[in-house]
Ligand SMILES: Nc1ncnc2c1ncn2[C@@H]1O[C@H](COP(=O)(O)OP(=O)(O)OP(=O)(O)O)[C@@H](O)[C@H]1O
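Only one chain is included here, represented as structure tokens and corresponding to the form predicted on its own.
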């Protein structure tokens, strides 16, 4: 007997074998039990979610003489046996993709008047119904609204938005959802157990993730891995068979991008090129990894739905803990945009490299959002005082101004803003020093210090606005009494000549 692919071999034949569509199965079962059968149904959803399989089960169930408890066909009665033959004339499958003209629909309209051969109902299953032309839809419209009592229409489509509203309003609509990772893993376990192949659980998870919610796609990939893998179906062999990048390598390049390490990111990208990975595949996997990182950073116990291996999840969580959400969001925006652009680009490799560079450095993003992010980052740095550096704090860093220069700038600002302290500040000039983020202002005598201290809060507020790193303003006096010129010169050499004020026989510095 010729080999039968897994998705055909394990196609459900009863309602209880259908996975992931409980809301639909329950409604159809209740209709079968009560006998309230509609004349037209619309099954919509992504590929491989069970639309055609459920349509076939339902077509046999409405005609079964002795249905099972849940309304499924028994498969044992004469009618079920007749309908299981692909050549039967009572369940008719029509491919609207290749029979989409008005003439084909007119033939269908002429044939619906004939009674079924062996069953109670004649069921028309029209697959990919959105492919019908406008004239074909118009020809179908009246028959679909009021078909003969012995006819049931089941329309299936992956693009429900292309179906005219006049058709939609005449059908009972069912939306098939994508399958979860857990549901697909159970499906794979049943399939591999059914054919007697051993497997690793992580390998099943990798296959389920690659299937992207489609049972048929998942089983098709499993079919390929059955042929590729020798002995037990392992995680490493599945990764090789599917031709996807190693999750470790994807995490490494994603981490390098988020850290802004262009050198490491481009080296990792070159490693993927050497493995023959597709440009679009690399882009999609980086985007998926960024999504995993965002979940790991913001959701406790995120692996309950990410379904990563325990070791990989710990590595993802470690990367996420050191990255801000803003950087993750920036990188995700870059690669989501890239995924759409790659379809039309004649230089996909260059576009991917541009995206990596752009994601590494937020300053390379010249979109409105990118500019706003940089402005926000500058505001945060200004508020935190991170623009200010102590002299000699690092190579290339700008030193803080001298204490005297700071005082001059601040006093100029204060006297322009506050006229009440202008006379005081114009009358007294201190010698200033900045030390350990404290600004010292030395005046000639105690009386002057007392006068200036009355407006010290106003002065310090101005200091903090311009120099947030300065933590305190201290106003004091230092006086040295001397009588000789030699001692005066000695003091000048010690503290700097510009920091010495000579008044009436007193040397103050």
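Residue numbers count along the first chain shown, from 1. Nothing here was measured: the structure is a model prediction, and the numbers come from that model.
Same protein, other form: the form predicted together with this ligand, not shown, and the subject of what follows.
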**OP:** Mark residue 158 yes when one of its heavy atoms lies within 4.5 Å of a heavy atom of this ligand in the model of the complex, and no otherwise.
**Re:** yes
Original post:
Would residue 24 show up as a contact with this ligand in the model of the complex if we use heavy atoms at 4.5 Å?
Top reply: no
**OP:** Indicate whether residue 63 is a 4.5 Å heavy atom neighbour of this ligand in the model of the complex.
**Re:** no
Original post:
Using 4.5 Å between non-hydrogen atoms, is residue 216 touching this ligand in the model of the complex?
Top reply: yes
**OP:** Go through 439-447, 41-49, 469-477, 64-72 and give me the stretch that gets within 4.5 Å of this ligand in the model of the complex, heavy atoms only.
**Re:** 41-49
**OP:** Run the contact test on 143, 153 and 170 with a 4.5 Å heavy atom cut-off to this ligand in the model of the complex and return yes or no.
**Re:** no
**OP:** Scan 206, 179, 316, 356 and let me know which has any heavy atom within 4.5 Å of this ligand in the model of the complex.
**Re:** 179
**OP:** Enumerate the residues of 182-197 that have a non-hydrogen atom within 4.5 Å of this ligand in the model of the complex, in sequence order, or give none.
**Re:** 187
